[in-house]
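A lone chain, given as structure tokens: the form predicted on its own.
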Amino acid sequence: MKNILVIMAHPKFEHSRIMKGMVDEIQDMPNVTIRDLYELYPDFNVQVQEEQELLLLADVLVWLHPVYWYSSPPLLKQWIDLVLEFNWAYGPRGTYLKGKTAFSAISTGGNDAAYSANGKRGHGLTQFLLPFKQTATLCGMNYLPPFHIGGSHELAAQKLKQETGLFKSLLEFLTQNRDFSGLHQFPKLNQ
């Protein structure tokens, strides 16, 4: 079985229906470790060595966060800046993440249609998340398309439960499969 490391960053987690639902679905899964950055590092003093040691044990890295001003919350950016060091994560001797898999699992206030070329935001989510893809690529990681649950203000409880269940199913798939040819069955990952 593969190990999954979920790096979760939400500065107002207690107010987030979507993120709370996603975490509730996966928190008891074997082979899944969740790191709540705002709980662990309220002072932004990220413990680099501890985070790197957890990354070494992971096969899959999930950046779990809401989209804040078309980016990530600041503590996730701080984590990336500090933990993914030159000659550790990338560079001539930076091979520790090579061959691992990474993807973003995100929530947005806007629904799926808002994040398209013709939608209210004028761009697709993959364009807003390009820095994550480039970070993974620089580190020699395989980057999967983002998993997105949108419409946080309009999403009915039953629909939210269904979509967070899809997230859990995706992580179960990733822990049990060596190749990703079956990922097409997860529409939330392929939009």
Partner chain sequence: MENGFLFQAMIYLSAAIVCVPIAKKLGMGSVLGYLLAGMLIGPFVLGFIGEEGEDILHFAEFGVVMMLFLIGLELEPAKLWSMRKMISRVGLSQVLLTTFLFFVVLLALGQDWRQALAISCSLALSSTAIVLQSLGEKNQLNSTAGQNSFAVLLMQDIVVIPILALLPLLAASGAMVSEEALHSPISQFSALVQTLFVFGAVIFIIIAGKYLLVPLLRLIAKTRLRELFVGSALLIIVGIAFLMEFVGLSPALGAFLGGVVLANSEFKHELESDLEPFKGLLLGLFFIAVGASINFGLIRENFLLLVAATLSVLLLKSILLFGIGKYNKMGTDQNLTFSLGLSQVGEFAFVTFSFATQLSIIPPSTTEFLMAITALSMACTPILLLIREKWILPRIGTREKASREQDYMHEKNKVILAGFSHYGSTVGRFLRANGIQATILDFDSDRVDLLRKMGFEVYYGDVTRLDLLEMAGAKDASIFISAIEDPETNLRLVRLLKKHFPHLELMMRAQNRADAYEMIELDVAHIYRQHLESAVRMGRDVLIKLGFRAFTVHRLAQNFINYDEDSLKELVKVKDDKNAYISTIRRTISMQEDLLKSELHRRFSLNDHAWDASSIKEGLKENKE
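Treat the numbers as computed from the prediction; the structure is a model and nothing was measured. Residue numbers count along the first chain shown, from 1.
Below, we refer to the form predicted together with the partner chain, which is not included among the displayed structures.
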| query | finding |
| --- | --- |
| Gln47: touches the partner chain in the predicted complex, heavy atom cutoff 4.5 angstroms | yes |
| Heavy atom of Arg93 within 4.5 Å of the partner chain in the predicted complex | yes |
| Asp43 within 4.5 Å of the partner chain in the predicted complex, heavy atoms | yes |
| Contact of Gln78 with the partner chain in the predicted complex (heavy atom, 4.5 Å) | yes |
